[in-house]
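First, one chain by itself: the form predicted on its own, in structure tokens.
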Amino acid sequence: MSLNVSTSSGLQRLTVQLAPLLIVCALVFALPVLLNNDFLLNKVARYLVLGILTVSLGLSWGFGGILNLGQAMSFGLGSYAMAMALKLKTVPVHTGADGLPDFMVWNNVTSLPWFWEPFRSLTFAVAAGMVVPALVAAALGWFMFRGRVTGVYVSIITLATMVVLNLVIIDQQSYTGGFNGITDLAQLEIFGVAFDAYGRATYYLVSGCVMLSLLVAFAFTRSRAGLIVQAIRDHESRVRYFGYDVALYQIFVFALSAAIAGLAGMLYTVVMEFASPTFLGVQLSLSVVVWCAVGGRQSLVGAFLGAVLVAGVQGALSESAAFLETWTLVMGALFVLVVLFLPKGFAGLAQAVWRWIVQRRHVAGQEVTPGVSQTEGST
């Protein structure tokens, strides 16, 4: 009897935790019914991709306690992986031997570099877009976490690594396109389906990846490894005392976060139709931290919605004549207010309101029960 009660209670908790995620995914899939404008659909798809990126940071920061200020590095690596594959499928205006990308021709490169060759395969590019960021993160994490680097030092190291990679990409113009990035890309085509950046197929591809990313992240947080990672976040020394390899778990969540960010980067290239060094920039990386904090770093749905809503408001303000020169101040003030009064973000506020409603219903039920029992007794 007690086993059945505990199982039922566990399923009920799982349903309550999973319901917001499924509701958000359903709304994302239903949005094209309300939007008949292809331009707006493309803009929303961009915000959804940024939401996936923010979920990846929420996984490492909110659940792992690892504040990665270089999250855009993994995002940029994924973006360039997809851009390299799509670039090799175009017919450039200027071509060299074997159909060299145009920027290589302009920089007097005579043959395709060896590290570009595997990207003729789209399958390899998709795999590399997630595996390469994960391997880079795992290697960086091995040095940091095996050396027991924690706190602000992790943030500084990740930010510095991203800046170095950004400078390398800009410097190697002959092979990466430099400041201009990689442009003039072919459309992504999978199983005969072409994914136009402004088409519904691309939007549903992004929506499917949103659902996949949220479910994978949610499953990890509910798994044994995910629970250990959260315990490390709260009491690292205590978990180490019980014999767990703390560094191994930290490296794993760090790499998983990077893989999801790499997926977001690939989608961003498909939606934006180019890859740029700004995708590995400090501004984007710090913006992701703000979106995650505003939405709630310990809530996957909160981090996702924080990115979509804040990036959407930011885009609307920056395009408005009234806020053309002051929108950055407005966004800065919003962030300061959230940090001061909502340390757990809007997700924390929503959880507090929900608990208050449940408690009110419980109290109301207790007040009604005695009255019912007295009536039955008099009868």
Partner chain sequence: MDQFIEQIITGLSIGSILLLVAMGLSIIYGSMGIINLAHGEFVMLGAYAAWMFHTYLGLGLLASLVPIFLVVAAFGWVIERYVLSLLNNRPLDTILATWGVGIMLQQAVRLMVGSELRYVQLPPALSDSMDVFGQSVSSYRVFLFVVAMALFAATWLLMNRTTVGMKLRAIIQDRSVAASFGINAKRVYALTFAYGAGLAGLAGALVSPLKSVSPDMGTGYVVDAFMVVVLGGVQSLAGTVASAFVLGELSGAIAFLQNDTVAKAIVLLAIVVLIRFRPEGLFTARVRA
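Numbering follows the first chain given and starts at 1. From a predicted model like this one, the values you see are computed outputs, not experimental measurements.
Note that the form predicted together with the partner chain isn't included here; everything after this is about it.
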In the model of the complex, the residue from 27, 353, 316, 339 that sits within 4.5 Å of the partner chain by heavy atoms: 339
Work out which of 100, 216, 289, 138 lies within 4.5 Å of the partner chain in the model of the complex, going by heavy atoms. 289
Report yes if any heavy atom of residue 312 sits within 4.5 Å of a heavy atom of the partner chain in the model of the complex; otherwise report no. no
Close approach of residue 89 to the partner chain in the model of the complex, 4.5 Å, heavy atom: no
Would residue 37 sit within 4.5 Å of the partner chain in the model of the complex, counting heavy atoms only? no
Is it the case that residue 200, even though its partner is missing from this view, gets within 4.5 Å of the partner chain in the model of the complex, heavy atoms only? no
Partner contact check in the model of the complex: of 177-185, 152-160, 299-307, 205-213, the stretch with a heavy atom within 4.5 Å of the partner chain is 152-160
Just to make sure I understand: among 325-342, which residues lie within 4.5 Å of the partner chain in the model of the complex, judging by heavy atoms? 325, 326, 328, 329, 332, 333, 335, 336, 339, 340, 341
